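First, one chain by itself: the form predicted alone, in structure tokens.
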Amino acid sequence: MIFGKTIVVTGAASGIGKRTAELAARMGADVIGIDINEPAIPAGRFLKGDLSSPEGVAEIAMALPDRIDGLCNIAGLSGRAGAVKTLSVNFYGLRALTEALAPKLRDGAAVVNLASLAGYGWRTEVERARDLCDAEGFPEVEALVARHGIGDAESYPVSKQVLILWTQRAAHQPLFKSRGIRVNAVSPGPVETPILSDFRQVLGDEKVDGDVARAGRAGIAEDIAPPVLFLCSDAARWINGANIPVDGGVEASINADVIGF
């Protein structure tokens, strides 16, 4: 499936990123993990890096080798670090790294973005998402946050709304499409990882518990890593621009309530 492929995983020190890196290595991939924190036991090679600034992104991109088969953009913040840093890491740093690595991605490579069920409302907030997505490069995030009045508590959902929109755009961007590079997203529901306690503080227990109730249980990292790596594989060669919910059926349940079916 991904045997022999070179797979880069951001956020590889904990949670879904850690499990994705471990599973990829077990499946025979050459794994390069990236994180601001060093993992206790790296799965493959490890590169310390910070996605929150243009300089940090440039350092990561320069250190990575050519001929990458898959880029798994999993690193992310919950919102507790503030709106500016959350948007910087969850979207602008992610996008900047992906675009910087485009020349190093093989023809037919795959990019997989970890979005979220929290980005569900991107259609109703499409004007804001479009404006944030239209800001090129690594912009002055503080100015964008101020212009849209984005508070810390809503910065995580906003970052994922923009990421879902950009995933669909990027799938048809010549930078990627001209070389057959696929860009997709996976949107987990509530997952039992270290960041879940942060979500309870940022989003509230009622929201988190409600989503868990819809699914029947919280997910675990082992539920999310396989779909991420599937999208990196040749088996997903005709999947492009998709946002795949991996949430125990939560999105379907919300759709039923919202649309009324």
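Everything numeric in this text was worked out from a predicted model, so none of it was measured. Note that residue numbering follows the sequence shown and begins at 1.
Quick note: we don't show the form predicted in complex with a small molecule, though the next part is all about it.
Which of 64-72, 51-59, 22-30, 232-240 has heavy atoms within 4.5 Å of the small molecule in the predicted complex? In the other structure, the partner sits against 51-59.
If you check L114, A129, A170, V111 against the small molecule in the predicted complex, which one has a heavy atom within 4.5 Å? Answer to the contact question: L114.
Can you pick the one in Y120, W166, Y156, Y92 that has a heavy atom within 4.5 Å of the small molecule in the predicted complex? Contact with the small molecule in the predicted complex is made by Y156 alone.
Answer with yes or no whether N37 is in contact with the small molecule in the predicted complex, where contact means some heavy atom within 4.5 Å. Looking in the predicted complex, residue contacts with the small molecule include N37, since a heavy atom lies within 4.5 Å.
Would you please decide whether G248 lies within 4.5 angstroms of the small molecule in the predicted complex, comparing each non-hydrogen atom pair? G248: no contact with the small molecule in the predicted complex.
Can you work out whether S253 and the small molecule are in contact in the predicted complex, taking contact to mean some heavy atom pair no more than 4.5 Å apart? So S253 does not count as contacting the small molecule.
Indicate whether I244 is a 4.5 Å heavy atom neighbour of the small molecule in the predicted complex. Judged by the heavy-atom cut-off of 4.5 Å, I244 is well away from the small molecule in the predicted complex.
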